[in-house]
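Okay, so we've got a single protein chain in two different forms coming up as structure tokens, structure 1 first and structure 2 after it.
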Structure 1
Amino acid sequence: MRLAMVIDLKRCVGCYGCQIACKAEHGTPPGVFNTRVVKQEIGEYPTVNLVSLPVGCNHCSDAPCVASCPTGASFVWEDSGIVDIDPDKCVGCRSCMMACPYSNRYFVSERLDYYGDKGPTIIEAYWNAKTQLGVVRKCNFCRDRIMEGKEPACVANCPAIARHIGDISDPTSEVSRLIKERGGFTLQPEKGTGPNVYYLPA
């Protein structure tokens, strides 16, 4: 099985729901966005369009971050094709951040709280105790939720049903059908990394 995500740019309303859902699910500190929404103007006057482009880890089939990691901390789950990081193995060299053409990895070197001097909230204190400093973080398609049979937080919380996840190696799956019928495309295919996040045209 190889998991892939399909994001329908026609449906995405740019509400940042996925970004917030991910932050709530993983308790990411300030400056870490496992998924984020980029606003992009396309076209030329007078036919200009503002597109909301949700971006995150592309869980590439030939992930350069995995190849560049000197410790094996960046790895691919064989059962799903999810690219993940083992924080216990990461030395924080950041070579994976330089290798990722999508720039979707984040190095957390210091504890930062959203309310600064007022200290961490209860939920921040919970996540601070669970996560390591001096290591790189990234999206893992909410692997824990997937193992429980749930959808990733960004998919489950999208109010416009713009995100879909499924097995791309199964030609009858919804993601395979959407990519085929709607002309799904990937970002920066010329980099040759085989990304597994597809976008449907706006």
Structure 2
Amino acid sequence: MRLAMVIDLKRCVGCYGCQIACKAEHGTPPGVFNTRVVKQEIGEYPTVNLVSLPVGCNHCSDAPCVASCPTGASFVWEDSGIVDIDPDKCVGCRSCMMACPYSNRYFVSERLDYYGDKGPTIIEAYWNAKTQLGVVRKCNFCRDRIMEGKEPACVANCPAIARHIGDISDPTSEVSRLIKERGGFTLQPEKGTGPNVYYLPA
């Protein structure tokens, strides 16, 4: 099985629901988003459109981040194809960040709380106790949730139902069908990394 995510750009309204759900699920510090929504205006007045593009780790089939990691901290789960990081093996060299052509990895070196000197909130204190410093972080398709039979937080919380996840190696799966019927495409295919996040055209 190889998990893939399909994002329907026709349905995405740029509400940031996926970004907020991911931040709540993983307790990322200020400025760190495992998934984020990039917005850009295209066209000229009076026909200007605002395009929203949700981005995150592409869980590449030929992941350069994994190949570049000197300690084996970046690895691929054989049961799902999810690219993940073992924080106990990560030495913070950041070679994976340089290797990723999508800039979807983050290095967390210090504790940052939203309210500064006032100290962490209850939620921040909870995540601070669980999160290691000096390591790289990224999206892992909410592997813990998937192992419990749940959808990733970004998928489960998308109000527009613009996100889908499934087994791309199964030609009868929903994601395979959507990619085939709607002309799904990946970002920067010329990099040869084999991304497993597909977009359906708007």
Partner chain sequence: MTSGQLKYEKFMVDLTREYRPQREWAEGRGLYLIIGHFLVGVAGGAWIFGHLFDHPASLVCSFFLAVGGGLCHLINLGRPERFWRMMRCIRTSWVARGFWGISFFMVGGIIFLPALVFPDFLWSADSFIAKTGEAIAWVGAVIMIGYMGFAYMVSKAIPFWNSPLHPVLYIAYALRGGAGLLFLLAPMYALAPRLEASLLQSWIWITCLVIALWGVEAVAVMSSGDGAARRSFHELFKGNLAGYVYIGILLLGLVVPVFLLSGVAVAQTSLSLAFVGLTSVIGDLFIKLCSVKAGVHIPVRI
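It should be emphasised that the depicted structure is a prediction, and the values quoted were computed from it without experimental measurement. All residue numbers here refer to structure 1's sequence, counted from 1. Only residues modelled in both forms are compared. Take the two forms, superpose them, and find the largest set of C-alpha atoms that agree within 1.5 Å; that set is the rigid core.
- Here, the chain labelled structure 2 is taken from the form predicted alone.
- In sequence order, there is only one run of at least 3 consecutive residues whose Cα atoms each shift by 2 Å or more between the two structures, relative to the superposed core, and it is 40-49.
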